[in-house]
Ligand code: HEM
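Listed next as C-alpha coordinates is one chain, alone, in the form predicted alone.
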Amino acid sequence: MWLTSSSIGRKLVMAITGACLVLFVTFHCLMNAVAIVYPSAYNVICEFLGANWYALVASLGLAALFIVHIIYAVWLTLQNRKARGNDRYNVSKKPATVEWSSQNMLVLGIVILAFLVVHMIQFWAKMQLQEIRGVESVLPPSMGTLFIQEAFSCVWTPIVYIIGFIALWFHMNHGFWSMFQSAGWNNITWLPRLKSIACWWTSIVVLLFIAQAIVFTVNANNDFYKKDATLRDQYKEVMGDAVGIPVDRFKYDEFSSTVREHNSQLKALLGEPQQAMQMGVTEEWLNNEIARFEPVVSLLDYLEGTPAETNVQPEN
(Lines give C-alpha, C1' and ligand atoms only; values in the text may rest on other atoms or scores of the structure.)
Protein backbone atom coordinates (compact mmCIF):
# COMPACT_ATOMS: atom_id res chain seq x y z
CA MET A 1 0.00 0.00 0.00
CA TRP A 2 1.48 3.33 -1.06
CA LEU A 3 0.55 5.02 2.25
CA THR A 4 3.13 2.81 3.96
CA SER A 5 5.51 1.82 1.17
CA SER A 6 6.38 5.31 -0.15
CA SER A 7 7.83 8.37 1.55
CA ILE A 8 5.10 10.58 0.08
CA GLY A 9 2.40 8.26 1.40
CA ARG A 10 3.88 8.26 4.91
CA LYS A 11 4.12 12.06 4.87
CA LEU A 12 0.49 12.25 3.79
CA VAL A 13 -0.53 10.06 6.74
CA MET A 14 1.47 12.37 9.02
CA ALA A 15 -0.29 15.37 7.47
CA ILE A 16 -3.81 13.94 7.90
CA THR A 17 -3.29 12.77 11.48
CA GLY A 18 -1.52 16.04 12.27
CA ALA A 19 -4.45 18.08 10.92
CA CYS A 20 -6.89 16.12 13.11
CA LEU A 21 -4.68 16.65 16.16
CA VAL A 22 -4.44 20.39 15.47
CA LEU A 23 -8.24 20.55 15.42
CA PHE A 24 -8.42 18.59 18.68
CA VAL A 25 -5.86 20.87 20.38
CA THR A 26 -7.89 23.89 19.24
CA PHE A 27 -11.11 22.34 20.61
CA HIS A 28 -9.37 21.52 23.89
CA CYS A 29 -8.17 25.13 24.16
CA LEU A 30 -11.72 26.43 23.66
CA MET A 31 -13.07 23.92 26.19
CA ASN A 32 -10.55 25.10 28.76
CA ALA A 33 -11.60 28.68 28.07
CA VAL A 34 -15.11 27.74 29.25
CA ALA A 35 -13.59 26.76 32.63
CA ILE A 36 -12.41 30.36 33.01
CA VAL A 37 -15.47 32.20 31.71
CA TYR A 38 -18.17 29.86 33.06
CA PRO A 39 -16.73 27.13 35.36
CA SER A 40 -20.08 25.45 36.06
CA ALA A 41 -20.65 25.06 32.29
CA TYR A 42 -17.25 23.39 32.08
CA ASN A 43 -18.51 20.75 34.51
CA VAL A 44 -21.57 20.20 32.31
CA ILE A 45 -19.22 19.58 29.36
CA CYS A 46 -17.14 17.17 31.47
CA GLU A 47 -20.28 15.25 32.40
CA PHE A 48 -21.32 15.13 28.72
CA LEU A 49 -17.85 13.85 27.78
CA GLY A 50 -17.74 11.22 30.53
CA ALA A 51 -17.91 7.47 29.99
CA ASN A 52 -20.74 7.73 27.46
CA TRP A 53 -20.45 5.62 24.31
CA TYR A 54 -19.89 8.59 22.01
CA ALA A 55 -17.17 9.99 24.26
CA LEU A 56 -15.48 6.58 24.44
CA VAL A 57 -15.58 6.24 20.64
CA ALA A 58 -14.08 9.72 20.30
CA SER A 59 -11.37 8.88 22.88
CA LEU A 60 -10.44 5.68 21.06
CA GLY A 61 -10.32 7.54 17.75
CA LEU A 62 -8.11 10.24 19.26
CA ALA A 63 -5.81 7.64 20.80
CA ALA A 64 -5.52 5.93 17.39
CA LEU A 65 -4.58 9.26 15.77
CA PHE A 66 -1.86 9.86 18.37
CA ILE A 67 -0.43 6.35 18.00
CA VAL A 68 -0.40 6.47 14.18
CA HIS A 69 1.13 9.95 14.22
CA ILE A 70 3.90 8.86 16.62
CA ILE A 71 4.66 5.64 14.70
CA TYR A 72 4.91 7.46 11.38
CA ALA A 73 6.98 10.26 12.93
CA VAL A 74 9.57 7.76 14.20
CA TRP A 75 9.40 5.86 10.89
CA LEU A 76 10.09 8.98 8.80
CA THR A 77 12.86 10.15 11.13
CA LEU A 78 14.68 6.83 10.89
CA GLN A 79 14.16 6.83 7.12
CA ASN A 80 15.62 10.32 6.77
CA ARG A 81 18.63 9.50 8.96
CA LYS A 82 19.30 6.35 6.95
CA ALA A 83 19.05 8.32 3.69
CA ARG A 84 21.50 11.01 4.92
CA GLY A 85 23.98 8.49 6.24
CA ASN A 86 27.17 10.12 7.52
CA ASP A 87 26.08 13.52 6.19
CA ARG A 88 24.00 14.06 9.32
CA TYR A 89 27.24 14.47 11.31
CA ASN A 90 28.46 17.36 9.13
CA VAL A 91 28.52 20.75 10.85
CA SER A 92 26.35 23.28 9.04
CA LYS A 93 25.36 26.89 9.53
CA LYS A 94 22.89 27.47 12.34
CA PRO A 95 19.38 27.23 10.77
CA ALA A 96 16.48 29.63 11.18
CA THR A 97 13.80 28.98 13.79
CA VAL A 98 11.45 27.07 11.51
CA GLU A 99 14.35 25.02 10.14
CA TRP A 100 15.38 24.23 13.72
CA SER A 101 11.83 23.04 14.39
CA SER A 102 11.95 20.89 11.28
CA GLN A 103 15.20 19.25 12.34
CA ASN A 104 13.98 18.63 15.90
CA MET A 105 10.37 17.61 15.37
CA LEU A 106 10.95 14.19 16.97
CA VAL A 107 12.55 15.70 20.08
CA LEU A 108 9.74 18.24 20.36
CA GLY A 109 7.25 15.40 19.92
CA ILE A 110 8.85 13.45 22.78
CA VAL A 111 8.59 16.49 25.08
CA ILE A 112 4.92 16.91 24.11
CA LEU A 113 4.30 13.19 24.69
CA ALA A 114 5.82 13.41 28.18
CA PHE A 115 3.62 16.43 28.92
CA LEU A 116 0.60 14.53 27.57
CA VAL A 117 1.28 11.61 29.93
CA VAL A 118 1.32 14.02 32.91
CA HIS A 119 -1.89 15.67 31.69
CA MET A 120 -3.66 12.32 31.28
CA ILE A 121 -2.59 11.15 34.73
CA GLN A 122 -3.96 14.35 36.28
CA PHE A 123 -7.25 14.41 34.39
CA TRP A 124 -8.26 11.53 32.10
CA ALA A 125 -7.11 8.78 34.47
CA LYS A 126 -9.06 10.34 37.35
CA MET A 127 -12.16 11.20 35.34
CA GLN A 128 -13.19 9.10 32.34
CA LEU A 129 -11.00 6.11 33.26
CA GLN A 130 -12.46 6.03 36.79
CA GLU A 131 -15.97 6.00 35.32
CA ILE A 132 -15.02 3.18 32.94
CA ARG A 133 -13.59 1.14 35.82
CA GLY A 134 -16.57 1.94 38.04
CA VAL A 135 -14.23 3.02 40.83
CA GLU A 136 -15.64 5.48 43.36
CA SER A 137 -13.43 8.33 44.47
CA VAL A 138 -13.89 11.34 46.71
CA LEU A 139 -14.00 13.71 43.72
CA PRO A 140 -16.91 13.09 41.32
CA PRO A 141 -15.47 12.37 37.82
CA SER A 142 -17.97 14.75 36.20
CA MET A 143 -16.80 17.75 38.25
CA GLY A 144 -13.79 18.80 36.18
CA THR A 145 -13.20 22.00 38.15
CA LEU A 146 -12.23 19.94 41.19
CA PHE A 147 -9.51 18.20 39.18
CA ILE A 148 -8.29 21.61 38.01
CA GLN A 149 -8.12 22.51 41.71
CA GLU A 150 -6.13 19.36 42.48
CA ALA A 151 -3.72 19.64 39.56
CA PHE A 152 -2.93 23.35 39.63
CA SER A 153 -2.58 23.62 43.39
CA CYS A 154 0.73 21.76 42.86
CA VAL A 155 3.71 24.09 42.39
CA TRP A 156 5.25 22.09 39.55
CA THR A 157 2.10 21.78 37.42
CA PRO A 158 2.19 25.22 35.70
CA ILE A 159 5.94 24.82 35.09
CA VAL A 160 5.48 21.47 33.35
CA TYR A 161 2.50 22.76 31.38
CA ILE A 162 4.24 25.91 30.13
CA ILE A 163 7.28 23.88 29.01
CA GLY A 164 4.89 21.53 27.19
CA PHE A 165 3.06 24.46 25.58
CA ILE A 166 6.32 25.99 24.31
CA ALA A 167 7.30 22.66 22.74
CA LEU A 168 3.78 22.45 21.29
CA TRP A 169 4.21 25.88 19.67
CA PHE A 170 7.38 24.86 17.83
CA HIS A 171 6.00 21.46 16.87
CA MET A 172 2.57 22.64 15.76
CA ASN A 173 3.84 25.79 14.03
CA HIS A 174 6.07 23.78 11.71
CA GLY A 175 3.69 20.85 11.40
CA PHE A 176 0.71 23.09 10.53
CA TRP A 177 2.11 24.48 7.30
CA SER A 178 4.25 21.48 6.39
CA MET A 179 1.18 19.22 6.31
CA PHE A 180 -0.18 21.38 3.47
CA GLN A 181 3.19 21.17 1.79
CA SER A 182 3.03 17.37 2.02
CA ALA A 183 -0.40 17.54 0.38
CA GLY A 184 1.04 19.51 -2.55
CA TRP A 185 0.30 23.10 -1.50
CA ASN A 186 3.92 24.18 -1.80
CA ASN A 187 3.80 26.85 -4.50
CA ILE A 188 5.44 30.24 -4.03
CA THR A 189 2.11 32.04 -3.54
CA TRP A 190 0.47 29.80 -0.94
CA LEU A 191 3.38 28.56 1.15
CA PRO A 192 4.20 31.98 2.71
CA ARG A 193 0.48 32.47 3.43
CA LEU A 194 0.23 29.08 5.09
CA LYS A 195 3.31 29.82 7.20
CA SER A 196 1.73 33.08 8.33
CA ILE A 197 -1.59 31.36 9.15
CA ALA A 198 0.29 28.62 11.02
CA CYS A 199 2.20 31.15 13.11
CA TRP A 200 -0.93 33.12 14.03
CA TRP A 201 -3.10 30.07 14.72
CA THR A 202 -0.45 28.31 16.80
CA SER A 203 0.50 31.46 18.69
CA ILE A 204 -3.11 32.26 19.63
CA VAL A 205 -3.81 28.69 20.78
CA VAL A 206 -0.60 28.36 22.80
CA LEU A 207 -0.89 31.83 24.38
CA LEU A 208 -4.45 30.96 25.43
CA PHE A 209 -3.21 27.69 26.93
CA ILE A 210 -0.51 29.53 28.90
CA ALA A 211 -3.00 32.16 30.08
CA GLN A 212 -5.36 29.39 31.17
CA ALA A 213 -2.60 27.62 33.11
CA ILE A 214 -1.81 30.88 34.93
CA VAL A 215 -5.48 31.57 35.76
CA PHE A 216 -6.03 27.98 36.90
CA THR A 217 -2.96 28.19 39.15
CA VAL A 218 -4.06 31.45 40.76
CA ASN A 219 -7.63 30.20 41.26
CA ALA A 220 -6.52 26.82 42.61
CA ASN A 221 -4.17 28.39 45.15
CA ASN A 222 -7.04 30.63 46.28
CA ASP A 223 -9.32 27.57 46.57
CA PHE A 224 -11.74 29.19 44.10
CA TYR A 225 -12.95 25.86 42.71
CA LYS A 226 -13.77 24.66 46.24
CA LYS A 227 -15.37 27.79 47.66
CA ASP A 228 -17.21 29.43 44.76
CA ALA A 229 -20.93 29.54 45.63
CA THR A 230 -22.15 28.59 42.14
CA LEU A 231 -19.81 25.62 41.95
CA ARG A 232 -20.74 24.50 45.47
CA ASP A 233 -24.40 24.46 44.45
CA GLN A 234 -23.43 22.29 41.49
CA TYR A 235 -21.42 19.93 43.70
CA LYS A 236 -24.38 19.86 46.11
CA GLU A 237 -26.62 18.47 43.35
CA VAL A 238 -24.17 15.64 42.63
CA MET A 239 -23.85 14.82 46.32
CA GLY A 240 -27.63 15.00 46.83
CA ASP A 241 -28.18 12.48 44.05
CA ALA A 242 -25.61 10.16 45.65
CA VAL A 243 -27.39 10.06 49.03
CA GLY A 244 -30.96 10.59 47.87
CA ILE A 245 -31.48 13.98 49.50
CA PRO A 246 -33.52 16.53 47.51
CA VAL A 247 -31.15 19.50 47.40
CA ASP A 248 -33.65 22.15 46.26
CA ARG A 249 -34.87 22.64 49.80
CA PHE A 250 -31.36 23.26 51.20
CA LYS A 251 -28.66 25.85 50.77
CA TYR A 252 -25.13 24.45 50.64
CA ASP A 253 -24.37 25.03 54.33
CA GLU A 254 -27.69 23.51 55.37
CA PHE A 255 -27.09 20.53 53.09
CA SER A 256 -23.63 20.01 54.60
CA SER A 257 -25.00 20.10 58.15
CA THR A 258 -27.86 17.73 57.26
CA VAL A 259 -25.54 15.16 55.67
CA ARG A 260 -23.04 15.27 58.53
CA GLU A 261 -25.76 14.99 61.16
CA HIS A 262 -27.44 12.07 59.40
CA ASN A 263 -24.11 10.28 58.98
CA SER A 264 -23.33 10.75 62.68
CA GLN A 265 -26.74 9.37 63.62
CA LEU A 266 -26.18 6.31 61.45
CA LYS A 267 -22.82 5.63 63.08
CA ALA A 268 -24.25 6.13 66.55
CA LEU A 269 -27.10 3.75 65.78
CA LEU A 270 -24.59 1.19 64.53
CA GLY A 271 -23.07 1.20 68.02
CA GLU A 272 -26.52 0.67 69.61
CA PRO A 273 -27.77 -2.65 68.17
CA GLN A 274 -30.76 -2.85 70.55
CA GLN A 275 -31.99 0.60 69.57
CA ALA A 276 -31.46 -0.25 65.91
CA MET A 277 -33.49 -3.43 66.39
CA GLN A 278 -36.32 -1.45 67.97
CA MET A 279 -36.30 0.90 64.96
CA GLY A 280 -36.48 -2.09 62.63
CA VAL A 281 -33.13 -1.56 60.89
CA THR A 282 -30.42 -4.18 60.47
CA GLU A 283 -26.67 -3.85 60.81
CA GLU A 284 -26.30 -4.60 57.11
CA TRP A 285 -28.65 -1.76 56.19
CA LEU A 286 -26.75 0.65 58.47
CA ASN A 287 -23.41 -0.32 56.94
CA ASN A 288 -24.79 0.19 53.43
CA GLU A 289 -26.18 3.61 54.36
CA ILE A 290 -22.91 4.67 55.95
CA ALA A 291 -21.07 3.47 52.85
CA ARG A 292 -23.33 5.75 50.76
CA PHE A 293 -22.80 8.78 52.97
CA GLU A 294 -19.07 8.46 53.66
CA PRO A 295 -17.85 9.58 50.16
CA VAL A 296 -20.18 12.60 50.36
CA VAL A 297 -18.88 13.51 53.83
CA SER A 298 -15.31 13.15 52.52
CA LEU A 299 -16.13 15.48 49.63
CA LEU A 300 -17.64 18.00 52.05
CA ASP A 301 -14.45 17.77 54.14
CA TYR A 302 -12.43 18.40 50.99
CA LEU A 303 -14.50 21.42 49.93
CA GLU A 304 -14.49 22.94 53.41
CA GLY A 305 -10.95 21.98 54.38
CA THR A 306 -7.69 23.89 54.25
CA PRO A 307 -5.35 23.97 51.19
CA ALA A 308 -3.04 21.51 52.95
CA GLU A 309 -5.84 18.87 52.90
CA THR A 310 -6.43 18.91 49.15
CA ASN A 311 -4.39 15.88 48.13
CA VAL A 312 -7.25 13.42 47.64
CA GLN A 313 -6.64 9.85 46.50
CA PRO A 314 -9.29 7.62 44.88
CA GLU A 315 -10.77 4.78 46.90
CA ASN A 316 -10.37 1.35 45.29
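The shown structure was predicted, so the numbers you read here are calculated from the model rather than taken from an experiment. One rule holds for the numbers: they count along the sequence shown, beginning at 1.
Quick note: we don't show the form predicted in complex with the named molecule, though the next part is all about it.
- Checking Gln212, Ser137, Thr77, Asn221 for any heavy atom within 4.5 Å of the named molecule in the predicted complex turns up a single hit: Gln212.
- Just one of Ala73, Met239, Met127, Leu231 comes within 4.5 Å of the named molecule in the predicted complex, counting any heavy atom, and that one is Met127.
- In the predicted complex, none of the heavy atoms of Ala19 sits within 4.5 Å of a heavy atom of the named molecule.
- The named molecule is not drawn, but in the predicted complex it has no heavy atom within 4.5 Å of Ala41.
- Mapping the unseen interface onto this chain, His28 counts among the residues with a heavy atom inside 4.5 Å of the named molecule in the predicted complex.
- Taking non-hydrogen atoms only, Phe152 approaches the named molecule to within 4.5 angstroms in the predicted complex.
- Every residue in the set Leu62, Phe115 and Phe165 has a non-hydrogen atom no more than 4.5 Å from the named molecule in the predicted complex.
- Per the 4.5 Å heavy atom criterion, the named molecule in the predicted complex is contacted by stretch 42-50, the sole one of 262-270, 247-255, 42-50, 280-288.
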